[in-house]
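This document opens with one chain alone, in structure tokens, the form predicted on its own.
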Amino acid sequence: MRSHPALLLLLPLLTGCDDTDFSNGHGGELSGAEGWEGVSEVFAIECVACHGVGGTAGLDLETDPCAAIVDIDAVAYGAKLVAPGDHQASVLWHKMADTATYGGVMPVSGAMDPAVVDNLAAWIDDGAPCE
């Protein structure tokens, strides 16, 4: 059986990131910071392996995460990635809260601690300020 070269190039995109545990827990120790500081810390520890510069997931949460997600349409879902003021309308919150509304949980290693998800909801409900 002969493999098709284009399929070999697409394979990493089709498989996405694996569920490799990069350290303890989900990928590091979170400080428990609140607001944008806590959200950006989660991105750095939990998300940039797949969603960083050169990552395979297509969404860059490393370079300028706010510009990438706040009030930006999630093309695959027809909703905002982060809808400022409304965590229930935000794809990111649903993915991290594992509601199954928009596919599987993020990160792929498993559901986040409820305190992290609550901080994300509070940050979004506060208007998603990136400062």
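Quick note: we count residues from 1 along the sequence shown, nothing fancier. Owing to the predicted nature of the structure, the values given are computational and were not obtained by experimental measurement.
Just so you know, the form predicted in complex with a small molecule exists too; it's not on screen, but the next bit is about it.
- This chain appears without its partner; in the predicted bound form, the one residue of A57, C66, L30, A83 with a heavy atom within 4.5 Å of the small molecule is A57.
- The closest non-hydrogen atom of A122 lies beyond 4.5 Å of the small molecule in the predicted bound form.
- At least one heavy atom of V108 is located within 4.5 Å of the small molecule in the predicted bound form.
- For H51, a non-hydrogen atom is located within 4.5 Å of the small molecule in the predicted bound form, even though that partner is not displayed.
- Of the heavy atoms in F43, some are within 4.5 Å of the small molecule in the predicted bound form.
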